[in-house]
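Only one chain is shown below, in structure tokens, and it's the form predicted on its own.
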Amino acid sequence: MIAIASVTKTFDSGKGRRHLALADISLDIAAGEFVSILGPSGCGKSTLLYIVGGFIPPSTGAVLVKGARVSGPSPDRGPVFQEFALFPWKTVLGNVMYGLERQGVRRAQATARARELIAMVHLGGYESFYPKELSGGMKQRVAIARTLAYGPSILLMDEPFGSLDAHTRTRLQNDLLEIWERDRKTVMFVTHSVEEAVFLSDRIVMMSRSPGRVKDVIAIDLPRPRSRADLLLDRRFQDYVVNIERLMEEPAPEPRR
């Protein structure tokens, strides 16, 4: 589904200085796979996600989606960011309908689809509410429903639960897995949380400190569907969390020359 081939990204940091954000990233992600990108702040996790999304170009290398080179954003790749980016003048229903209407879907059909998605993210009854009337977790549910509305096969999620309290974050993790189990979309999920990555993922891509390189790729062999209550009692889950925490603290090996 996604092939990242030798991607490097350098930014101009001003006064003629260059900042190497990503160095020679190569990674393949299969259709329907849930992959988390994990690493310290400033390692280029979000930069990699934006390159896959087509929002910024790589300096060298390429990203292919379904065999086609990424040259810009596409409705096939749906972003969900930490900032909810909802239209404050639109209701919940209006926000979720927005992408459908831009695609030319008839209003009645768009309304029906939007209501279905609002129910899916457990916001039935809030269709006429405005963003200012919603909690942070509810706003993120609206943002997820709005992205799902135009039917992307890939979800690109950049710390979508990072600003939420622990209880709301846990609920939204469960909601996301429920949606993923139903549709099996391909997901790239950026996070700082080891426990979140282990709970959600099929594989975790560990990145090194800046410049970001792939430090390790860990397959998460835990049963699905997943229950947090069950996993917290599962020694394998605990071992994954502890071992990955340790791995994050280890220095990355020097790149081969």
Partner chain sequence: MKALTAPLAAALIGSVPILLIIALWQVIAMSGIAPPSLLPAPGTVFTRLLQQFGSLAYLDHAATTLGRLFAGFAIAVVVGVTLGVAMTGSRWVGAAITPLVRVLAPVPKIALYPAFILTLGFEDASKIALVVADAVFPILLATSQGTAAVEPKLAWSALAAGASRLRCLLTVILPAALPSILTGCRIALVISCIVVFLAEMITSTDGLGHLLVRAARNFQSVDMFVPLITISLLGLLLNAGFNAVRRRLLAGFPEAD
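Residue numbers count along the first chain shown, from 1. Note that the coordinates shown come from a computational prediction; the quantities given were computed from them, not determined experimentally.
Although not depicted, the form predicted together with its partner chain is the subject of the following passage.
Thinking of its partner chain in the predicted bound form, which stretch from 193-201, 214-222, 66-74, 28-36 has heavy atoms inside 4.5 Å of it?
Residues of 66-74 come within 4.5 Å of the partner.
Within 4.5 Å of its partner chain in the predicted bound form - does that hold for a heavy atom of every one of A145, F161 and D165?
Per the other structure, none of A145, F161 and D165 touch its partner chain.
4.5 Å heavy atom contact, R182 and its partner chain in the predicted bound form:
Although its partner chain is absent here, R182 would stay clear of it in the predicted bound form, with no heavy atoms inside 4.5 Å.
Can N174 be called a contact residue for its partner chain in the predicted bound form at 4.5 Å between heavy atoms?
Although its partner chain is absent here, N174 would stay clear of it in the predicted bound form, with no heavy atoms inside 4.5 Å.
Considering non-hydrogen atoms and a 4.5 Å limit, does its partner chain approach I56 in the predicted bound form?
Heavy-atom contact with its partner chain at 4.5 Å: present for I56.
Contact of A112 with its partner chain in the predicted bound form (heavy atom, 4.5 Å):
It does not: once its partner chain is placed as it appears in the predicted bound form, A112 has no heavy atom within 4.5 Å of it.
Suppose contact means any heavy atom within 4.5 Å; which members of 127-157 contact its partner chain in the predicted bound form?
Those in contact are Y130, K132, R146, Y150.
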